[in-house]
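Just the one chain here, the form predicted on its own, laid out as structure tokens.
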């Protein structure tokens, strides 16, 4: 398998972390959409030219992190997969991961609006819209904070909820400007610190 993308993308990072946790043999190919020659290479794999993308051993190109994670779950046994195959626990994890992904997507949008890789001139930024996205990120994370059972998100065992929340939280925390509403999530922060001591998270952490 080949994973395409940079771990600067929290969506690529959660796939890379999952691959390592599952101990699945793969090659990581760093491709970034903001570098023209790498963008052209990425287009050959993903017609949308975005990351992450995964090329399976069968030569199938998977182009969305949700689809990729589902595929990876099918490559491992039920005793180690991070999302149960069925049942209410599966639904709870997917729901929580969906909230976390939504919060991250809002933060990524803000990052491209006015972050270091801003695509829009400062005078063109629509402040009410950006502020709304910062608020949505805050609301999503604080909702997750209330859902945490501890010591991991779902309780005693690490699940995909932890992988996704940690990867998204690390990105959001690193790139959230001081002008944005403060996000206070001590339980998420504790889980992030605990997770980033593990090799699979440390190996994909672009902020260490």
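Worth saying up front: this structure is predicted, and the values here are computed from it rather than measured. Residue numbers count along the first chain shown, from 1.
Separately, the form predicted together with a small molecule exists; it is not shown, and the next lines address it.
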query	finding
Site check 52, 65 and 112: each within 4.5 Å of the small molecule in the model of the complex by heavy atom	yes
Interface segment, criterion being heavy atoms within 4.5 Å of the small molecule in the model of the complex, picked from 178-186, 156-164, 43-51, 137-145	43-51
72, 108, 93, 82 - the one with a heavy atom within 4.5 Å of the small molecule in the model of the complex	108
Residue contact check: residue 192 to the small molecule in the model of the complex, 4.5 Å heavy atom	no
